[in-house]
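First, one chain by itself: the form predicted on its own, in structure tokens.
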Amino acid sequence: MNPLDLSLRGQAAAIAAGEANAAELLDATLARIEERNPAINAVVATFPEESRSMLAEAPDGPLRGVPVLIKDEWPLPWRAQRFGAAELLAPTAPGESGPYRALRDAGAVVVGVGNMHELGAGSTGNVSVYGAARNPWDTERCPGGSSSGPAAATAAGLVAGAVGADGLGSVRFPAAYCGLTGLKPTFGRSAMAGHHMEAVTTLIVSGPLCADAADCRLLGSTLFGEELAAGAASGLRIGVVRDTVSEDVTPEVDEACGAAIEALRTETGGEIREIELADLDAATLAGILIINAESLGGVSPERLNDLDPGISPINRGFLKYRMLLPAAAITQAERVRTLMRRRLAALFEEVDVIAWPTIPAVAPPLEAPLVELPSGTQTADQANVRGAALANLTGIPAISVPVGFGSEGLPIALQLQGAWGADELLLDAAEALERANGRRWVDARPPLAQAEPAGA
């Protein structure tokens, strides 16, 4: 097999065993990006000389010589992050971000920067200063956001793994839309240094996007700075919430996720328990309020009135809206956070994971990111955040796992959430689900990833 088409761990093992040449793999990765990226606009910058320097100096770590993509949310020593936007209100500069250092110290090679939804303010990836990223399963569809480029590039086989960031679902949404596995770590466990909101955020985490759980475990271990040991998810108690987040979904999403939950129960010898989790709508609103309030640093009326015209109209409006947030609303949002943390602590005495759909519908069109649900037509952003915000608000880990395809051949995903610090258990559960379905979904590849090189 072409080393380019190996898994992340497969590439690492092949290089370590002398079966693949790291310099040749890097050159081949750069060539594939040049060949395939125009169709999906996933990679916004490559820097061959800097990547080759990283390889020349790479230590003998677990990812030695493996090319990895990093989201435009993280600075590199030779490039400041642009956050997918024409202008940032907080200053940025080149530097050694935490994810960069983690990759460097593991021997990995940062091969490029991934596109992202403008200012991280969307779940679709259809707005960016670089132009929209595109879904490799259907290039007229959204790839998810805000880690759109890392997901699209990984799904299209440009790289075997990428680093994203998740503030209100920004790793899980693109994982779901692109048919990948994406881990949102427990808050505080993964590398965050150098993020422009590092000092104030209580929601954003870095996280891996890979084809399957084992690759996420390897890349996640790098970001965590500790091994995420594998275990057996036996006797898994799976909590199911009968609420809007699990029921206001398309029939094909409901069917695929229901079948996956049952398959996970069977594979682990576990049980399904219906549970109640009140005030999910309030938790979603609290997460939105808090992340908007935390991003107010450096904002002033003067700065807002002088915004770069390249900022999209909707985000110009959002930035100005943040100035109107009353302090009382933020205080109430923090109370909701405390309440939900207490409720989850009690729930996780009764169940090991909570399962519901990552997304309520498959990837919508780029030109009109709307979804048709039992409740009616909604924007994808409005519908998606309902299932994602809880994990960021409370800090618990969550993972999105591919579990099927819709009638149009687009991926469907299940989200599993665990107690604080239960990242390893979620990876174990994801691997159990892969076994249960014979790896049918994690081994599936979009047509673009199966394309032969020009002239082959």
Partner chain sequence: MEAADRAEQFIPAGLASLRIEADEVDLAVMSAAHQMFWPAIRALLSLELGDLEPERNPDLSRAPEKA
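Numbering follows the first chain given and starts at 1. Model, not experiment: these values are computed from the prediction.
Absent from the display: the form predicted together with its partner chain. The rest refers to it.
Just one listed stretch, out of 409-417, 392-400, 426-434, 61-69, contacts its partner chain in the model of the complex at the 4.5 Å heavy atom level, and that stretch is 392-400. Proximity to its partner chain in the model of the complex, defined as a heavy atom within 4.5 Å, holds among 316, 273, 242, 101 only for 316.
Between its partner chain and the residues 285, 76, 106, 132, the one pair within 4.5 Å by heavy atoms in the model of the complex involves 285. The three residues 289, 320 and 324 all sit with a heavy atom within 4.5 Å of its partner chain in the model of the complex. Proximity of residue 329 to its partner chain in the model of the complex falls within the 4.5 Å heavy atom cutoff. Its partner chain in the model of the complex comes within 4.5 Å of a heavy atom belonging to residue 336.
Among heavy atoms of residue 341, some come within 4.5 Å of its partner chain in the model of the complex. Contact annotation for residue 377: none of its heavy atoms lies within 4.5 Å of its partner chain in the model of the complex. Residues 289, 301, 304, 305 of 289-307 are found to place at least one heavy atom within 4.5 Å of its partner chain in the model of the complex.
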